[in-house]
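Just the one chain here, laid out as C-alpha cells, in the form predicted alone.
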Amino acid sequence: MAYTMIQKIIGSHSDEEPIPGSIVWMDLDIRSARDFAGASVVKNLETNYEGESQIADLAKTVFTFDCVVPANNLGYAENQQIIRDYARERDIKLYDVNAGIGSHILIDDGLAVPNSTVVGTDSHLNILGAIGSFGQGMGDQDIAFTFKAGRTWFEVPETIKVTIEGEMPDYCSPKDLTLAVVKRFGSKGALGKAVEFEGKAIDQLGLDGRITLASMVTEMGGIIGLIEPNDEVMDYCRTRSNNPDLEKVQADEGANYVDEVVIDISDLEPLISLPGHPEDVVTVRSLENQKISIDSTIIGSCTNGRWSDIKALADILEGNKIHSRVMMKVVAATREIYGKMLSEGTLQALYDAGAIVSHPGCGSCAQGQLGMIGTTEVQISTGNRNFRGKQGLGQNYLASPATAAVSSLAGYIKAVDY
C-alpha cells in the first residue's frame, strides 16, 4: 500500500495499519510542555500518578519556557516555579526563560528530527512539519498521559497535496507565499487534514522559510503541514542531532490524497492579513494608497523569528530611521539567533534605526514580555494570528518582516518596491 508522509510517520511508530480515519496507538519520540499549561501537566501527573512512574522516559521528556519569559505576572511566575521544581527533582531537561521558543529549540537541538513524533502544549507544534516531523499540540491532561505512557492514541488524518507552481519573485518572501496558501484555503479549508507541500519553490525554501509555511497550517484548520526535507535540511538535522544516519521521510508514489490543490505563485505580490482574520488576505499594494498609519510593528514569533527574517529586516533598516510615530519591537526565536545578531552586527543596525530589541521568546504573540497595543492603535505583526486581544485590543495586521520594515520607515502600511 502506498502511504502519504503522515501515514509513513505514524506507521513507523505504531504496530497498527495507518489507514486514514482509523485510530492507532502511536509511540512518541519527544513529549514536551511549555510554561503555558505546563504547570497543569505537572498537577495532572501528581494527582493521577505516583512516584517515579509518572514519567515513562526522562530522556524523551522536556519542558520549555517561551510564552512569557521572564514571567511578568504572578500566574506565570508561579507556574514556571512549579515546573522548575518538578523538572529539577526528576532531572528532566528544562529550557528556561533565556532559551527561546520551544518548537525551534526542539529542531535546533536535534530533539525533533525527520520522521519523529513529538507532542506538547503548543498549538503551533505542527511547525515541526518543516523538517518532516509530526508535531502535535494537545491539552494538559493528554500531555500528562503521554509523559506517563510514552505514547498516545491518534486518528490518522487524510492528506491534501498542495503543489506550488512557479518561482517566487525576488521581492516576495516565504511569509507572502504562506499568506497566499492561507488565503486559498481559508480558516477551515484543511480542517482535520494533513497537508503536504511540494513544488520547485518549496524545494528551494531554506529551513527558516519552511518553518514559516508549516507554522500557519493551524490557521487553515490543518493538523500538520509536512515538507519533504531537502539536502540542506537533512544536513542540518543530522548535524544538530549528531546522527549521520538520519533518513528523510517522503510520500510513496501513488499515495492516496483526499484532494490535490495547485497554487501558482508566478504573479505573487507582498501580502497582508487584515485585522482579526489571518485568512483575510489582500495585497499590500491595495492598502498603500489609503496610507493607513501604524503605531507598532512586532517582528518575531515562531513564524518569523529566525535569522533570515531578522536579517531581511535589518538590511532594509540599515542607515535609516524608523518613523517617529512607530514603535518597532524585535525578538529572536532562540538565544542562538540572538547571539548571531550580536556577532553579525545586526543588533547595531536595529538599534541605530530605533528598534526595541528583546531577548528570545514568543514576544507579544500571546500577550508576552513585549507588551500589547491599545484599542485604537494599529500594528503590523509577523506572527501567525491576529485575533482581537491576542496582542492587544487594537487592529493587528499580519505581514512579512520586509513589509513591516518598509512600513515602519514610512509610518503607514506600505509595500516593498518592486
Partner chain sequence: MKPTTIKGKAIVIRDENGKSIDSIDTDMIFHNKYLHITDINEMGQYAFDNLEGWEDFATRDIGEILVIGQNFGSGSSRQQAVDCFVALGVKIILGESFGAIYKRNTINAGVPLIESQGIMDETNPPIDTEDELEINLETGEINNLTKGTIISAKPMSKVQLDIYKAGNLFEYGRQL
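Nothing here was measured: the structure is a model prediction, and the numbers come from that model. Numbering follows the first chain given and starts at 1.
As for the form predicted together with the partner chain, it is not shown, yet the points below apply to it.
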### Task
Using a 4.5 Å heavy atom cut-off, indicate which stretch of 55 to 63, 372 to 380, 22 to 30, 349 to 357 touches the partner chain in the predicted bound form.
22 to 30
### Query
Pick from Val262, Val282, Ala149, Ala77: which residue has any heavy atom within 4.5 angstroms of the partner chain in the predicted bound form?
Ala149
## Note on the structure
In this chain shown alone, the residue from Ile92, Met138, Val249, Cys172 with a heavy atom within 4.5 Å of the partner chain in the predicted bound form is Met138
### Task
Spell it out for me: taking the partner chain in the predicted bound form, does every residue among Asp142, Lys188 and Leu191 have a heavy atom no farther than 4.5 Å from it?
yes
#### Entry: Contact label in the predicted bound form: Tyr49 to the partner chain, heavy atom within 4.5 Å
yes
### Message
When the contact criterion is heavy atoms within 4.5 Å, does Asn44 count as touching the partner chain in the predicted bound form?
### Response
yes
### Message
Residue-level question: is Glu155 within 4.5 Å of the partner chain in the predicted bound form, judged on heavy atoms?
### Response
yes
### Summary
Contact check, 299 to 325 vs the partner chain in the predicted bound form, heavy atom within 4.5 Å, ordered by sequence, gives none
